[in-house]
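As structure tokens, one chain now follows by itself in the form predicted on its own.
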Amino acid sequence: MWRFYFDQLYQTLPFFLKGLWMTFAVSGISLVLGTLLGFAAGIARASRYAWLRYPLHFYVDVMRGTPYLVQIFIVFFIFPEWGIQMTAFVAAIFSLTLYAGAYICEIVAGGIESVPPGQAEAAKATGLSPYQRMRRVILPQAMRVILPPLVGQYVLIIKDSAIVSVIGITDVTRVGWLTVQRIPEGLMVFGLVGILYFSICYPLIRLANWFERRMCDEGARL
């Protein structure tokens, strides 16, 4: 019986690979856009301007304080009632970008705030503009704090992308649900799903661990 199920599962492998590509596309595009959004929002949130900080504080609290499942339902099912039509693919990327951006915003803001204020004051005394101070002095130092949790957050976002299957995106999770209806051996089917997710996430996990070790070594030398 196991051999029979294994042969059937092997025949569906091309569909799993297509689902894996869809997972990679949705999560990859969302992470790129979410990183851009998160860095812009994080820099603004770490600024001294209250009119920037308070709206971003609200955005981050809402996105982090509500389930992603609810967020994607609102984007895909409620937005059309307001006249905002999106395909399932666009809705998945849009919602996942906003979700990722909120978490990345907190990571970036925390990294910027970890830089001693004296660094910015010294840069200001040399005549650098706010943009130059951020790009040349503050961000290079903050990146040592930002990178380890940022890469770790990427892993969590990729795993959370499995939720996009509920709106019809044929990612690797949805392929697993469709397959298990024909091959009633759930452990085998979703074991394969887990292996495919692991194949994406494991390199990022190793990269995050490398960043953490490097930061600890730099801290020890200091």
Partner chain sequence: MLETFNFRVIVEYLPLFLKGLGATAWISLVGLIGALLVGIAACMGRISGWRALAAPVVAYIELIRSTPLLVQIYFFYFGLPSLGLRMSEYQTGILALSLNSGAYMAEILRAGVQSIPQGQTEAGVAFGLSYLQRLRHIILPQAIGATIPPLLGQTIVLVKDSALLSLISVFELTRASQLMTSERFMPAEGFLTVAVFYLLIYYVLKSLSAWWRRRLVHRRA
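None of the values given here were measured: they were computed from a predicted structure. Numbering follows the first chain given and starts at 1.
Another form, the form predicted together with its partner chain, is not on view; read the next lines as being about it.
**Student:** Can you work out whether residue 43 and its partner chain are in contact in the predicted complex, taking contact to mean some heavy atom pair no more than 4.5 Å apart?
**Tutor:** No, no contact at 4.5 Å.
**Student:** Within a 4.5 Å heavy atom cut-off, is residue 94 in contact with its partner chain in the predicted complex?
**Tutor:** Flag for residue 94 set to no.
**Student:** Please check if residue 67 has a heavy atom lying within 4.5 Å of any heavy atom of its partner chain in the predicted complex.
**Tutor:** Because a heavy atom of residue 67 falls inside 4.5 Å of its partner chain in the predicted complex, the answer is yes.
**Student:** Should residue 39 be classed as touching its partner chain in the predicted complex when contacts are defined as heavy atoms within 4.5 Å?
**Tutor:** Heavy-atom contact with its partner chain at 4.5 Å: absent for residue 39.
**Student:** Pick from 78, 122, 90, 143: which has a non-hydrogen atom within 4.5 Å of its partner chain in the predicted complex?
**Tutor:** After the contact test, the surviving option is 78.
**Student:** Can you check 135-143, 108-116, 69-77, 122-130 and let me know which stretch has heavy atoms within 4.5 Å of its partner chain in the predicted complex?
**Tutor:** Heavy atoms within 4.5 Å of its partner chain in the predicted complex occur in 69-77.
**Student:** In the predicted complex, does each of 190, 197 and 201 have a heavy atom within 4.5 Å of its partner chain?
**Tutor:** Yes.
**Student:** Even though the chain is shown alone, can you say which residues of 133-171 have a heavy atom within 4.5 Å of its partner chain in the predicted complex?
**Tutor:** Sequence-ordered list: 155, 156, 159, 162, 163, 165, 166.
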